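To begin, one chain is listed below as structure tokens, in the form predicted alone.
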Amino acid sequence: MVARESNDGLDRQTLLTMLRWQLEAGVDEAIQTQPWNRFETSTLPNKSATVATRPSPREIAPKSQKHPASTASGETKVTLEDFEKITTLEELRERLEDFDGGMLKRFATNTVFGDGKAGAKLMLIGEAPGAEEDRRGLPFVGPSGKLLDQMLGAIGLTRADVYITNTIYWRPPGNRTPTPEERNATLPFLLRQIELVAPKVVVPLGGPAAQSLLNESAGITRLRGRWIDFQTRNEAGGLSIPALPTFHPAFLLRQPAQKKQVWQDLRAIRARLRG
């Protein structure tokens, strides 16, 4: 089948590739071909000249009517106490699907909630989904995930033995680092997710995950290899779990020499799980 060309001589596949590149770069607003002063009503463009707004790649989930307060970036505010009546991971996933995740959710393909079952002894928490994770809706299924599987295998575990998730449930445009505000917006979901899984050990992977989860400002180089008493909350119903931050598999792919330090962390995790 011959692709139909546009007025500019570009075929449909080329145009789609160009649009996909813009989405990856974080473009989220259409502009007109001619500039105009939005403060002057006399310069408003004709209706016929207005460029239609580009539809988002996925429909935006409706805002929760129960929690109308919003952050500056548009996400609906929630607190850990809002999830007291949620007793299963599936219920929490459904609540997350109804959550207005702002720009991140708007331009993601899938919500990447987690992989594993409640009761897993080890819970691994990364930073945010990558491109492959966004396409498949599962955490750590790209190159970093393959290395993570090898790391688990080194201490006698498989993905079936652990629970894996991220601090952010949607891929940031262009794979950029999530902002502190974006991480804080979904932190209550993550804390309740940890309570429902109830692991014996929590392992934040990488600096952003460790800083967000443990409320630390130090970098991962200083945090890794150090056991930290982590609490989901101070009130009744919270969990106190030992946490051991370590390097993210993506970092190890770029810096293979650091695998030696991670092997020490993995051995410490294995000893704690067996203890």
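Because the structure is predicted, anything quoted here is derived from the model rather than measured. Counting begins at 1, following the sequence as shown.
Omitted here: the form predicted in complex with a small molecule. The next part is about that form.
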E133, N166 and H248 each touching the small molecule in the predicted bound form (heavy atom, 4.5 Å) = yes
Using 4.5 Å between non-hydrogen atoms, is P204 touching the small molecule in the predicted bound form?
-> no
According to a 4.5 angstroms non-hydrogen atom cut-off, is T186 in contact with the small molecule in the predicted bound form?
-> no
Would F140 show up as a contact with the small molecule in the predicted bound form if we use heavy atoms at 4.5 Å?
-> yes
Mark S144 yes when one of its heavy atoms lies within 4.5 Å of a heavy atom of the small molecule in the predicted bound form, and no otherwise.
-> yes
In the predicted bound form, which of the stretches 193-201, 121-129, 102-110, 77-85 has residues with heavy atoms within 4.5 Å of the small molecule?
-> 121-129
